[in-house]
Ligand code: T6T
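Given as structure tokens, the chain that follows is alone and in the form predicted on its own.
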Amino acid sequence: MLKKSLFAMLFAALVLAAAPLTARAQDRITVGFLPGVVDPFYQVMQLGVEAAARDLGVKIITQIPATWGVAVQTPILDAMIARGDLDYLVTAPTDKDQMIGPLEAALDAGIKIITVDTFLGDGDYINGPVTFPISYIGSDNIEGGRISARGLAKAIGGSGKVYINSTNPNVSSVEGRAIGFYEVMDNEFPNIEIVGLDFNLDDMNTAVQQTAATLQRVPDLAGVFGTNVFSAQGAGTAVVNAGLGGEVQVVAYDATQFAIEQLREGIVSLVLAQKPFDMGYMAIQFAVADAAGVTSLPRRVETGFAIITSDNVDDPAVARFIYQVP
């Protein structure tokens, strides 16, 4: 009840905040949107950002890096700062430590920061080492890792060897997913062995190669956890290429069309859908509310998951969370 009351008050404040901003175009704020990379997850998040901007009368400046990484994201951020017209920045930091300095430079230039999907430091913007962002809006990725571990354990009958294909070290989202996965396997499934974890640097072809190499190295591999869009796509592709679809179970983090197709084909046993539209939409709401003077915005908002299996994939209440990209 307390949580419901908090959000009821929050959204009442947001409605009140939006009225003067949408009524007077000259007063509207300008928000930069800088996600991590081009992929279906962030494309759906962009749809949420743009929908909220239309509803609330906000000007959006979007820049999307072609590839993941600090070396790519930082110069784009610097160029957005140099524009001189941004009031807020909604961004997914590509490194929880290395992006602190560049985003502090944005703050020093008068741009307020809202992080989505990934966070800075340890994500505790009240008591942690980094406190300058307004909020983190995204998944509880440690819990997502736990859900994925239990789903994969069920699919392989509670015993066997499993492998994790991830993206980049020191990124809060996928790091949390691995932490949760290890925690559950170590504490709840003593007959499951994790035989390795690879980083594909957000490249699907690398994920295919890494998973294929693991299948050769561990011929009795029972399952694979793909921690994001490219990891899951690469893992599923490698399993199919090896002729092991349905034998080596795959759990996919992120509900792309590709993952859903593989779910229907029996290659993927569970798809964990995040809610990127919600992340994008709420980030713009938070910017509008902050600009209107709201001082009680939550410093962390967890947007939750939808667990998609072959049993519920056609249920409209679940299927609505599949990533639909125009």
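Residue numbers run from 1 along the displayed sequence. Here the structure is a predicted model, which is why all the values come from computation and not from measurement.
Beyond what is shown, the protein has a form predicted together with the named molecule; the following relates to that form.
> Could you check which residue among L77, A149, L89, V229 gets a heavy atom within 4.5 Å of the named molecule in the predicted complex?
It is V229.
> Exactly one residue in N165, S173, Q73, Q249 has a non-hydrogen atom within 4.5 Å of the named molecule in the predicted complex; which is it?
Of the candidates N165, S173, Q73, Q249, S173 is the one lying within 4.5 Å of the named molecule in the predicted complex.
> If we take heavy atoms and a 4.5 Å cut-off, which stretch out of 221-229, 238-246, 192-200, 107-115 is in contact with the named molecule in the predicted complex?
That would be stretch 221-229.
> At 4.5 Å between heavy atoms, is Q285 in contact with the named molecule in the predicted complex?
Outside the cut-off, so no.
> With the partner left out here, check for me: in the predicted complex, does some heavy atom of F277 sit within 4.5 Å of the named molecule?
F277: no contact with the named molecule in the predicted complex.
> Under a 4.5 Å heavy atom criterion, is W68 part of the interface with the named molecule in the predicted complex?
It does: once the named molecule is placed as it appears in the predicted complex, W68 has a heavy atom within 4.5 Å of it.
> Using a 4.5 angstroms cut-off on non-hydrogen atoms, would D290 count as touching the named molecule in the predicted complex?
Output for D290 is no: heavy atoms all beyond 4.5 Å of the named molecule.
> If you apply a 4.5 angstroms heavy atom cut-off, which residues in 36-53 are near the named molecule in the predicted complex?
Stretch hits, in order: D39, F41, Y42.
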